[in-house]
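First comes one chain, alone, set out as structure tokens in the form predicted alone.
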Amino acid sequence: MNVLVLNAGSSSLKHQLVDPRAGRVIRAGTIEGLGSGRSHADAIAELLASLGSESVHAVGHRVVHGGERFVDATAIDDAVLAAIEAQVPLAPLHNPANLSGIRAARAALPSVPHVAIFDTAFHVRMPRRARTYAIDQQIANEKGLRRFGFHGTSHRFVSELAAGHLGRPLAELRVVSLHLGNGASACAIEGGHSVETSMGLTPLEGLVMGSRPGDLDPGIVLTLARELGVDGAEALLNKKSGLAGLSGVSNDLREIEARAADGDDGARLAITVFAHRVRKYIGAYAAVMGGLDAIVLTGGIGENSVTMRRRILQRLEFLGVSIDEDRNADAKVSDDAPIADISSSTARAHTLVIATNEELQIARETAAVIELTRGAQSKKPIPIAISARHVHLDRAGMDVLFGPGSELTPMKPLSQPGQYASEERVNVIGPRGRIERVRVLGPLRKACQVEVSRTDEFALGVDAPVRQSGHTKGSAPITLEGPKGTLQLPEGLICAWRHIHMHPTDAEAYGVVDGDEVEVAVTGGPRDLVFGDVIVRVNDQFRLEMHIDTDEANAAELDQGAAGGLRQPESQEPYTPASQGTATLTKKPRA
């Protein structure tokens, strides 16, 4: 399959023809001079004429802003086009040009599928505490003022390469991804998802960039608006700030480093402020995730500046970060050899330089959407189980809470084979409150784990991370109280990641594998709702069932016994069992 990747700007059309399976670029280039008597339609016609006999089987379009609606690559139709247009106020410099490119390409290639890939999509589901600005919430909601983040395609691409290089599932890693170029952003990736990112409502927030300032006191913006007018302030913040504003000469780090070597104070200031801001974000994001497994540097600066990498990564030994100076100096990355590990032999956290390839990622996500669309079919219903707060204990915890050698007393079997609710209960105690008589589930496990809802979390006064069951490293501390003793857990409290248990035969029927993510639309009940980021867990001991917690069930007004079925992207008629509601699943594209 050949995917034509288009990045339509106001004055240029960047393009690549990519074979996503082979990871091969067939043709690449940029058509300049748009907007002055030359349209995107003219550029598309010129591009297609230049391809000669090369076939185009699909078109992947880069779209800067997808707002809250678009959380994944999406097949483009008229409704999607209208929704992209609705985001123009959030990206007035980018989305109009993206739309012009999409319309021109659809008109020129009406018989091939077109897919939109959004810079914001990777970040849309950041936790509410990370995406919310501390301003009047009525105004924020009315105006759509929240943190969206950008560079999502790049952060997704390099984090997946990092996981492959380290030989570990991305869902088990805590990664700080640094996309450092003329545009720069940091991203905290935990459990395979963006949980924090430095850019906000617009690309102005966060790190120092080529011509943008990054983080600013809002009072500065107000002062500039009063002194220069809104247009003047906007021009200063977008085009005359960042490295260019600090150095007074250029936004090109290579030129700035050369001037700094000759003693230019402005150039030296630009370098130190840039490195300081990035280092500050690394520390903050390690704190957000409760630890750090890897740092990834990418983008023009991250991939190529040996000295900037050294400046950024110094004094991070307390996080387990230590680089080998020779490896750093020798690091060269390319599309053919995209990863260089510059960690020292004693480092606890890996430091990787990775060549990003947003076009290849766009091509892969485009191909994945198309494959899913072609393979759509109805499936049998999936039961939905509502999981109340509960506790899992290991042997040592059981001995402390109920006495040495004590055993759990089965009360009733659970839906998953071999698991049961026991007669035993414990009190869960947090810094602010306690929850009495929380049931213990059996059998005993290898480690203690407490699963609560967000409502419980607030009642206890603890900030519990969203994790898959069993992934308790770096999770929240909690105290358990039993009839024979008290157990203080340094970690183990989580909000369980909503998930679906599947037997391998079910997974094969649905066309998913362990670790895939699906979206679940619950329809037909009192309140329709879409659950995102639902993890598929496959094991030959599992029985088909989706698990959500009580808060999630209340949001959809579901009761025990609800069920649903799988719907692929183009299906509009979900399977409707004789039940209160229907859960329909859309598999997220796996690039």
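All residue numbers refer to positions in the sequence shown, first residue = 1. Quantities reported herein were computed from a predicted structural model and do not represent experimental measurements.
One more form of this protein, predicted together with ligand ADP, exists but is not displayed; see below.
Engineer: Considering ligand ADP in the predicted complex, find the one stretch among 133-141, 179-187, 223-231, 93-101 with heavy atoms no farther than 4.5 Å from it.
Structural biologist: Selected range: 179-187.
Engineer: On the criterion of a non-hydrogen atom at 4.5 angstroms or closer, are N251, G299 and S305 all touching ligand ADP in the predicted complex?
Structural biologist: Yes, the whole candidate spot contacts ligand ADP.
Engineer: Though ligand ADP is not shown, can you say which of E257, E160, E481, D264 has a heavy atom within 4.5 Å of it in the predicted complex?
Structural biologist: If I apply the 4.5 Å criterion carefully, the residue I get is E257.
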